[in-house]
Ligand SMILES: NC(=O)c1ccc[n+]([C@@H]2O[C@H](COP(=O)([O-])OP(=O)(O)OC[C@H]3O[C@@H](n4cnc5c(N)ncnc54)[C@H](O)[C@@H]3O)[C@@H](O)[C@H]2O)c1
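Next up is one chain by itself, shown in structure tokens, the form predicted alone.
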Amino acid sequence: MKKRVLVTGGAGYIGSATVEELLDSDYEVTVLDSFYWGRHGLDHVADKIKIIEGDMRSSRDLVYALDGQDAVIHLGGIVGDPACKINLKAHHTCNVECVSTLVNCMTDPDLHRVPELIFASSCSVYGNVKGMYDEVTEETPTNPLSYYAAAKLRAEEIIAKKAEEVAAFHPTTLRLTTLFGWAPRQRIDLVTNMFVYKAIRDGGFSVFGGGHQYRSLVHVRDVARALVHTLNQPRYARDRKIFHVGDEGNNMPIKDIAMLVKKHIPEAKIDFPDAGEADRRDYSISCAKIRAVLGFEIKYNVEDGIKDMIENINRTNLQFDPEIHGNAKHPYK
């Protein structure tokens, strides 16, 4: 019998790619999503999965979605600090309280218990550690500096506490680096993706702060692969553990991302306005643990993602709509 997996936020940027990866790995997939950005990210697989339109903050919707499932990949939420600031009540209920509701429903003895949880967190939980640590590992102290990062850390704590209380609950947390690349539900409001889009549509773009700010980057397809790969590993290897998802080879300053875009769109004009210092995250996220413990390695470097973005923007003639291809224009409730 196929293993059954519930993906919260399965129609989103990461979710739409993860659903494809789960199907390729022969899972039976259910998606619970409120479809803030529409269903188009699932149109091509709609006949292969079960789709539930619902609110993950609702215990009623969760109880029905969880029934019969073997595992949950939790991707639902309001992503990014600009989006979180639109409505702080929505941010709290979507990014913190819903996690309590989810783990309570997963572990309630009067309901169908779902033992496995893969939770997508963020490396933003470390804050700005410039000058403090040359390399950030999973043991580096956290210091979230944004609403979004603080919520991710609180969610991690809620999950860990439930695992202490319920022996049959087996969560794994994946802290993601900064995403890029093409997915069925595309986001443009990410630094690499936006550089490519502006180079194609506007003929160039500006890089503020001198471009010295480092980003640790990971392709959305590699994130989807990491989520499913983690679920496929023996429980003892991943149970109640935290792993970074990314690769040290994709740690680079923003100016280097800009130069890679120009390499493939040589006519693009890049401006470096004198706008003072930006947030300089001059450190490296170490992803050695996920390679050593789970045997996961990325497939895509930043240049691969840039070439993929160019091809797909041109193929689809994509026109950036902030309400569809970004997270910070939705009137969250």
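The numbering used is simple: start at 1 and walk along the sequence shown. This is a predicted model, so every value here is computed, not measured.
There is another form of this protein, the form predicted together with the named molecule, and it is not shown here; the text below is about that form.
Of the heavy atoms in Gly246, none are within 4.5 Å of the named molecule in the model of the complex.
A residue is said to contact a partner when one of its heavy atoms sits within 4.5 Å of a partner heavy atom; Tyr148 meets this definition for the named molecule in the model of the complex. Using a 4.5 angstroms threshold between heavy atoms, Ser121 counts as touching the named molecule in the model of the complex. Interface membership of Ser34, defined by any non-hydrogen atom within 4.5 Å of the named molecule in the model of the complex, is confirmed. Exactly one of the stretches 138 to 146, 231 to 239, 184 to 192, 246 to 254 approaches the named molecule in the model of the complex with heavy atoms within 4.5 Å, and it is 184 to 192.
Think of it this way: in the model of the complex, the named molecule has a heavy atom of just one of Leu179, Met106, Val99, Ala224 within 4.5 Å, and the residue is Leu179. Leu75 is the sole member of Val72, Val125, Ala258, Leu75 with a non-hydrogen atom within 4.5 Å of the named molecule in the model of the complex.
Each of Ile14, Asp55 and Val79 is positioned with at least one heavy atom within 4.5 Å of the named molecule in the model of the complex.
Heavy atoms closer than or equal to 4.5 Å to the named molecule in the model of the complex belong, across 310 to 333, to one residue only: Asn327.
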